[in-house]
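The chain that follows stands alone, in the form predicted alone, written as structure tokens.
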């Protein structure tokens, strides 16, 4: 216990850094033999939910609310995922996209932790809905980001209009950076899964390492440099493929 009340966690109007020393477990309603750590939620100002699901061996998932889609990434242990006619065992680095209102079951084969992103699905002009995706990060080819071979991006979900979320893994060699300060309409939730570095969020600079979670609101200035002797990597969410004015009008109607 830190009797002086010190932490690297920070909360600002357009961003947050949430470090493991500030975590508090919560019940995971509808799941068995499982607890959660809610990192990012509408209560912070976000339009999505990001949490860690801590599953004991044999633990089973519940379903999200009506219209809510879910993405999971296995951060430790292993789980089995059943969705539709598909079944797959997922170990470290395994992932699954589970569309809204589609029955599915996640069962832990051992004590396991999942990085989970959920959001309310916004239909694409009445056209087809996204299909489930089950995969392993090790099998997803990385691409040099903007031509830099030391900054490699893995795209885990199809870049297709029916998908309204993107989940990527960004891996940097020591000293590699985002090539520019980014300011954009997409909102981000992310978790460091390897290494360490320095993250610019708005006008502040934060040292970050494995296990740290970051929320970035739309238009929050952002930039990253990997530091230390090992590669740094994070998995991140962003909202894509939707016109915000049209979507908001449809929700009002």
Ligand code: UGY
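Positions refer to the first chain, counted from 1. Treat the numbers as computed from the prediction; the structure is a model and nothing was measured.
Beyond the structure shown, there is the form predicted together with the ligand, which is absent from this document and is the topic of what follows.
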**Asked** Counting only non-hydrogen atoms and a 4.5 angstroms cut-off, does residue 170 reach the ligand in the model of the complex?
**Response** yes
**Prompt:** Looking at the partner-bound form in the model of the complex, is residue 216 within 4.5 Å of the ligand by any heavy atom?
**Reply:** yes
**Asked** Any of the heavy atoms of residue 82 lying within 4.5 Å of the ligand in the model of the complex?
**Response** no
**Asked** Is there a heavy atom of residue 52 lying 4.5 Å or less from a heavy atom of the ligand in the model of the complex?
**Response** no
**Prompt:** From the list 60, 47, 210, 184, which entry has a heavy atom within 4.5 Å of the ligand in the model of the complex?
**Reply:** 184
**Request:** Answer with one of 165, 156, 178, 90: the residue that has a non-hydrogen atom within 4.5 Å of the ligand in the model of the complex.
**Result:** 178
**Request:** Look at the candidate spot formed by 70, 97 and 105 and say whether the ligand comes within 4.5 Å of a heavy atom in all three of them in the model of the complex.
**Result:** no
**Message:** Looking at heavy atoms inside 4.5 Å, which stretch does the ligand contact in the model of the complex, given the options 26-34, 184-192, 52-60, 202-210?
**Reply:** 184-192
**Item:** Residues in 210-241 with any heavy atom within 4.5 Å of the ligand in the model of the complex
**Value:** 216, 222, 234, 236, 238
